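Presented as C-alpha cells, the chain that follows is alone, the form predicted alone.
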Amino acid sequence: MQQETFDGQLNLSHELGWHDIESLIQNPCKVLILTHKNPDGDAVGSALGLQWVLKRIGHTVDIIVPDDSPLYLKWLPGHQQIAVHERKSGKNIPQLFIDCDLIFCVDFNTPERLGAVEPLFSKSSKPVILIDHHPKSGDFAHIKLIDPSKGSTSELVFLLIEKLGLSEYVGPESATCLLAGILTDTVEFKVNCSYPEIFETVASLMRLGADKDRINNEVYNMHSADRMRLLGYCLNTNMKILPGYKTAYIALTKSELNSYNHRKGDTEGFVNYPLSINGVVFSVLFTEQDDHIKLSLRSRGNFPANEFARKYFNGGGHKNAAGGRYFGSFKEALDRFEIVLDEYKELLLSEK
C-alpha cells in the first residue's frame, strides 16, 4: 500500500499525513518497529514507548535492532522482548519481515543506519512510517513525520500519540520509556531543548506514570568502577586541549579500552566533559573500533558539529550533537582532525 509522503514539520496543527496513519493502525495488525545500530536511549525509548501503546490498542508488535543496547538501557520495560539481529537466536527476524503488515522506523534518517538489518528492510514492500528528528531524511518511507527542531524522537512519538487521540493508552511503561529517550538525547536537558513545549511533554509523561527518579538512577548512577576509572584516565591523561581553536578531544584506542574492561556504553557521555572547560566550545571523542574510528562530536552555541562531521568524517546529526566515522588508522584520524579544524578556526573563535 503506497501512502502519500509527508515530509514536513511535526506540529499539532498540520493535518497532512495524520489520517493516513490512522487508517493504517485502526485495525489490529502485525507491526514491526525498527531502529538504528548502536541503539542509544532515544532509539530504544522511542521504539519501546511506541510498542506499548500499539499493543494496548490491539496490535501484535515486534521491535528489531541490529545490535545490542548498552547495559544502562536494559532495565527499560519491555526491553527483554526486543529482537537483536546480531544474536542470531530467539525470534526468526526474516520471518517477522515477511509476516508484518506495517513498519515503523524510529530515530534514523537513512536505511544504512540499520546495519545488518538493512537488506531485509530493503526487500520489504510493506508500508513504512518514519518518525525522526534528524535533518536530511532519505526518501525511503511512505509517510515521514520529521521535526529536527525537537530534542528527541521520543518526544515526537508522544506528540503523534496525542495527535491520534491515543493518550489514554499511554501507561507507566510507555511513559517511562519515552521520558528516558527524552532525558538521554537532551543530555538531561543540556542540548536541543531550548523551547518550552518539551517541558510540557515531560510533565504530561510524568502525570501518565513516567518514573523520572528511576530513569536518572538507572541511566546515570549504575556505572561500574572500571567505567569511572576509565573516565578519570581520559580526563587526566587522554584529553588534549587546543586553546587556539576552543576545542578539546579525547582519544581512546582499543588497547586502552580493554585495559579498563570496557563494555558497550561505558564511554557514553565522556564527550560532554570537555565542554565544561571555560573557553571550550567544541569537543570530540575518538574511540577505536574493529574496522573504523568512531567519532562523537558535541558543541556549544552555533558551531555546527553536524556539518563538520558530514564534511570530513562520514557523519551527521544535530548542530550541537553529531557522530562520524573514519576509515583508516587511529593516528590518521587524529591528524586529519587537527588539519581540517583549521578551516573552522574563525568560526570557532567567534563563539563565546
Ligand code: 5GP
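What you are looking at is a predicted structure, and each value in this text was computed from that prediction instead of being measured. Residue numbers run from 1 along the displayed sequence.
The form predicted together with guanosine-5'-monophosphate (5GP) is left out here; the points below concern that form.
Contact with guanosine-5'-monophosphate (5GP) in the model of the complex, judged as any non-hydrogen atom within 4.5 angstroms, is confined among 291 to 299, 26 to 34, 45 to 53, 61 to 69 to 291 to 299. Contact annotation: residue 163 falls outside 4.5 Å of guanosine-5'-monophosphate (5GP) in the model of the complex, judged by heavy atom distances. guanosine-5'-monophosphate (5GP) in the model of the complex is approached by residue 325, whose closest heavy atom lies within 4.5 angstroms of it. Put simply, residue 304 is far from guanosine-5'-monophosphate (5GP) in the model of the complex: not one heavy atom of it is within 4.5 Å. Contact check for residue 134: a heavy atom falls within 4.5 Å of guanosine-5'-monophosphate (5GP) in the model of the complex.
Of the residues given (227, 85, 113, 142), 113 alone sits with a heavy atom within 4.5 Å of guanosine-5'-monophosphate (5GP) in the model of the complex.
Annotated contacts: 148, 155 and 191 are all free of guanosine-5'-monophosphate (5GP) in the model of the complex [non-hydrogen atom within 4.5 angstroms]. Contacts between 168 to 197 and guanosine-5'-monophosphate (5GP), taken as any heavy atom within 4.5 Å in the model of the complex, involve no residue at all.
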